[in-house]
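There is one chain below, alone, in structure tokens, taken in the form predicted alone.
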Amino acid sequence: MVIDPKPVVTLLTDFGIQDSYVGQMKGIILGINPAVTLVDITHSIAAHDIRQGAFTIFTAWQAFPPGTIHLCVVDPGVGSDRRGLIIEKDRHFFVGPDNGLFSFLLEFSDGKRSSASLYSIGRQGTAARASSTTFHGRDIFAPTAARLSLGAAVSSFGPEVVDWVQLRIPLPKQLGESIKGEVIHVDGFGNLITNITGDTLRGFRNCGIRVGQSLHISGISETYSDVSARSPLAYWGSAGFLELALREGNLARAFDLAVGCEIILVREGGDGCG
């Protein structure tokens, strides 16, 4: 592959920033390739929350230039027999554990099922030191990302794989005059990201949105300013999914909603959904 003279390596973890873990990973990378540009996507994934990490890298990776290497470590199974993976997709590279962390990335691309090449990481991915059983981010995944940034072929780290751990990603279902969806992510503002896309609502122009017993939203807004402060609304989010929010408030907290909550869109009169 053609390597940028100053390649970009992104980092996404659940490590937080109070400890030295992220710094140690960066030190390993810079020790192998001092020319890389390191970009933190986030280190605030909730501890052990693979699904949150999976959704976050799915929404972030396309903002970076081709050739970027994305180092992702949310790894509650570190030290077990779970595999390490390198994924090559659309001239981007992803390094991390095979535990479902790349589920959204591998399942969808712009609303369509995505294709990618996957390789396991063997001993070639480890640093010169003996590999710790509790810190593969430093000892396996960071040096793998660094060597990729120097031009190493993905196939040089281990054999190609055709199966991987996949989280359950719920798909919306149309049931007569209604569509049943689900909350797949809650962001830091308390906004609810659903699994409903524009394709799901094609030909379903007018609808109301119900969540639980107490939340009802009529139609889809263009912007937050379409409703008054502290009012709920639905809109198309930047990742292409239908999102629900409370203007200048936290919808998840106000209505006690979380990932997995059922969303019902019901066909009704008037203008709105579409």
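Given the structure is predicted, the values throughout are model-derived calculations rather than measurements. Just count from 1 along the sequence shown to find any residue number.
What follows is about the form predicted together with a further copy of the same chain, which we do not show.
For the candidate set Gly151, Gly176, Pro159, Gly188, a heavy atom within 4.5 Å of a further copy of the same chain in the predicted complex is found for exactly one residue, namely Gly188.
This chain is displayed without a further copy of the same chain, yet in the predicted complex the stretch 75-83 from 75-83, 142-150, 96-104, 164-172 comes within 4.5 Å of it by heavy atoms. Taking the partner from elsewhere, Tyr119 is found to have every heavy atom lying beyond 4.5 Å of a further copy of the same chain in the predicted complex. In the predicted complex, a further copy of the same chain sits beyond 4.5 Å of every heavy atom of Asp256.
Contact check for His48: a heavy atom falls within 4.5 Å of a further copy of the same chain in the predicted complex.
In the predicted complex, a further copy of the same chain sits within 4.5 Å of a heavy atom of Ala63.
If you take 16-33 and check each residue for a heavy atom within 4.5 Å of a further copy of the same chain in the predicted complex, you get Ile17, Gln18, Asp19, Ser20, Tyr21, Gly23, Gln24, Lys26, Gly27, Ile28, Leu30, Gly31, in sequence order.
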